[in-house]
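In the block that follows, a single chain appears as structure tokens, in the form predicted alone.
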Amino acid sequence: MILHPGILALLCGSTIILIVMLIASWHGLKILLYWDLSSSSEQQLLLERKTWLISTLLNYALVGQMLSALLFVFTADDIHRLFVGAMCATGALNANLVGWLVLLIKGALLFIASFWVVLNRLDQRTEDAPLTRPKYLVLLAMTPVVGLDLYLQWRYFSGLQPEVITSCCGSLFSAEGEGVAAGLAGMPVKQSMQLFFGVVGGYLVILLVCMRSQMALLRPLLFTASVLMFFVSLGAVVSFLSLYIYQMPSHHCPFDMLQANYNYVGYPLYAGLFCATLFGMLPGIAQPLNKYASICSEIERAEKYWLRIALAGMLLFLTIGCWQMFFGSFRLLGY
């Protein structure tokens, strides 16, 4: 099992990423202790050179960490055929429940790594690099999580037993089952639609107002709306959007849409949701950074692109998720 190309790529890639982050954390600790931009000492000059090198290496490492989330989902879906009873990634993850924890951690790291890369880019475009200390504090906090991610991946893949009969999405995402997934699958469609379109509508209104107004209060409001929209949208995928994509009234799995049978439609669907959430959160995260005079203009310039990408991501998600609902022949009558 470990010799599967996707598994080898994940384990080797995560090992390299962790090594880079450990080295960066060691230098980052020195930077936190001795960084003094007002000083022209030899030590400060050396730290300034190192921080550029370390930041560049970290950019590549964190982009690799972001891509590993995609590769993990793809690999989990690819190895499902090795297990009796598995029809998609759900079956592969159920074969060793540590896989669900890996998926959760990779999802969190996907957002955290993205935030770090974006904020580091802002920092490097200023002369005084005001985010040097904050971004290395985040790095020190993130490194143990990356180490935990690698450990849990090893636990997951090394613990897989092909002879074990696993359960798949039909039992997990079932209205008759128990747990959060079953609860989402069992939600009445009408109420689910009302909640989803209400939250998404609110998100779009705040987003469009942010594109026209510089009012500071709107940015934290958009951040909150983005987080709420993300979780409500994931629930909507399980509750009713998946039914229209599969055109089956009882198929709630959020993973089958990643397969060739459905033209891999899940990848752009989730990519759109990720972009809408990430770039909707960024203005709120960057808002407190306006206290640094040197970075204000960079934030203002970047924010225009963030909001446009967030809007494009949401439109992509809505188009793919709701196309069959409005233009297809399948209807959920009586649900």
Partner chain sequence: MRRQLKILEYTLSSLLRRKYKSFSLIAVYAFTIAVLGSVLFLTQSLKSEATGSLVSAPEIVVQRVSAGRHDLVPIGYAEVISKFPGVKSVTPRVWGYYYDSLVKANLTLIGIGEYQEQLELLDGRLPIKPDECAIGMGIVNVFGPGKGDALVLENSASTSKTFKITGVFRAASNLLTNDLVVLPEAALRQFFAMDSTLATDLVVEVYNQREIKTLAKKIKYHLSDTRPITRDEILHTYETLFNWRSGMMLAVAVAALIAFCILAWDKATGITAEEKREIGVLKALGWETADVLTIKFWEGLVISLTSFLLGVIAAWIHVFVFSAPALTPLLKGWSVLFPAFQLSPVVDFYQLFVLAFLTIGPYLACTLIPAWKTATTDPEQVMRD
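Just so we're clear, the structure is a prediction, and the values are computed from it rather than from any experiment. Positions refer to the first chain, counted from 1.
Below, we turn to the form predicted together with the partner chain, even though it does not appear here.
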Practice task
Give a yes/no on whether Leu70 approaches the partner chain to within 4.5 Å in the model of the complex, heavy atoms considered.
Solution key: yes
Problem - is_contact(Phe74, the partner chain) in the model of the complex, heavy atom dist at most 4.5 Å - result: yes
Exercise for the section: May I ask you to check whether Gly328 falls inside a 4.5 Å heavy atom distance of the partner chain in the model of the complex? Expected result: no
Exercise for the section: Spell out, yes or no, whether the shortest heavy atom distance between Arg49 and the partner chain in the model of the complex is within 4.5 Å. Expected result: yes
Problem - Which of 249-257, 193-201, 211-219, 78-86 sits within 4.5 Å of the partner chain in the model of the complex, heavy atom basis - result: 78-86
Exercise for the section: Kindly indicate whether Pro5, Thr56 and Tyr60 are, all three, within 4.5 angstroms of the partner chain in the model of the complex, using heavy atoms. Expected result: yes
